[in-house]
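The chain below stands alone and is given as structure tokens, in the form predicted on its own.
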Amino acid sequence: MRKQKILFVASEAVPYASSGGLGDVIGSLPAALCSASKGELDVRVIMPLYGSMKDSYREELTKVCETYISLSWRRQYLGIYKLEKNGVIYYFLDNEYYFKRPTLYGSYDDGERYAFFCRAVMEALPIIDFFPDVLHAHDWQSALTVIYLKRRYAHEEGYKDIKTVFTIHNIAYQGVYGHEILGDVFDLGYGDREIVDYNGAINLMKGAIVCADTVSTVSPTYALEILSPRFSNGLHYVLEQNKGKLRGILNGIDIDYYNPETDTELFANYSSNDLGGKAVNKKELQKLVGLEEREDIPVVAIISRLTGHKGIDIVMLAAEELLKDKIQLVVLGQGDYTYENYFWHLADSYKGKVSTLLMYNKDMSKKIYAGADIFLMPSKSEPCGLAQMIASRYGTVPVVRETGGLYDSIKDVGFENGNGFTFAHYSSEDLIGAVRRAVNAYNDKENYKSLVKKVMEVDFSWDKSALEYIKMYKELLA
């Protein structure tokens, strides 16, 4: 029986380059699909070769070829490299002009950079001799592969039978540009204008939604939420028109990478059956970040981009009220200056009780996940969220707002199978109430220990979700 061929097209993947949840997904889902399909799927990933890739990974690369491709009037170099990891072949598309940058995103020419990437993907297929049954593109940076396939390559041999899936990881970022660069940058003709036009501008995500055979999001609740103006960032009209091909599948996490029993970045290892190491991690974390070393006081952690949609505005309104209680707060993240400045001054005002780390550091985040007692994630909107799953894996009980993937993954302890504390209304008052319920539970030591054990044993692996993706692919190809 011939293997079904799946090609993931994405702008990032752990461990090669990552800025957030998208990278975590692309770094773990393909291997989970290979495993869950029991060899029936040939899953591969194609992404840019960034200048920031570590030398240790570069040394593993094998050159496939060097060539040149056209994008509108440009003629640009393209190098193709590959490596294999966990049964998945990763292809890396090299062009230093576009991808040797200090950051993945945020350059003035991101539209051109990812237009080149998408055109390079399409031109690479015959070179790597891999025409997939399903091309699975992720977020706006890969949206043009779906558009190019339908508008440029649909009748060419090898391309014409390819089905497409477009996954929205975060609808807030859509790839919006002026129509004046339709041909010059995106190499699209006047006849393509209607496909990408939305609210008087080019919208690459809109074009991919229209062109894709299936559109997915990263949680079932988010798939419903983005049909409404409150969550859609303006795309609810086109999503409503295409809702028949819309579905939501909850993300998972790599439970081998996030494993407190084996994680070498922790101060001590532990498991749900032996929580002794959890207390060691708490003590060492307090010492490391300058909190008073108190076992009897719960450490509340926030690991997040410091932006409004992550709920940081209501945290600001609630923080000083919560700090009247016996709690400690550690904040790890970067973002808007207003929020960074607030938490910096909060830590200065509450020395020994608040610690603010204005950075993103994977090693430090793991130490916080393992050393904290309560994890706060009060997002205004959250497509899926992985942090609440990672915190659970490390026995740090989540407090979340009921939205998107947070609603799908965390249920309040007041209900059967509850694995955290939740609140519905987006307000500082409800946030304070949920945190205080968690603190009260913490003070009941024996019951809290049982809750920690229960939280750690929730299955947030990719196993179930991988089977749902396989089902989606089979339905698409039937």
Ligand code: GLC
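The shown structure was predicted, so the numbers you read here are calculated from the model rather than taken from an experiment. Numbering starts at 1 and follows the sequence shown.
Just so you know, the form predicted in complex with this ligand exists too; it's not on screen, but the next bit is about it.
Mapping the unseen interface onto this chain, Ser392 falls outside it, with no heavy atom inside 4.5 Å of this ligand in the model of the complex.
Gly175 falls outside the set of residues with a heavy atom inside 4.5 Å of this ligand in the model of the complex.
Contact between Pro132 and this ligand in the model of the complex is not found at the 4.5 Å heavy atom cutoff.
Contact check for Arg305: a heavy atom falls within 4.5 Å of this ligand in the model of the complex. Considering this ligand in the model of the complex, the lone stretch of 116 to 124, 378 to 386, 192 to 200, 157 to 165 in range is 378 to 386 [heavy atom distance within 4.5 Å]. Out of the listed residues Ala301, Ile147, Val218, Met205, Val218 is the one that sits within 4.5 Å of this ligand in the model of the complex by at least one heavy atom.
For the options His169, Lys278, Lys367, Arg401, the one in contact with this ligand in the model of the complex, meaning a heavy atom within 4.5 Å, is His169. The partner is not shown here, but in the model of the complex the stretch 6 to 40 reaches within 4.5 angstroms of this ligand through a heavy atom at Gly21, Leu22, Val25.
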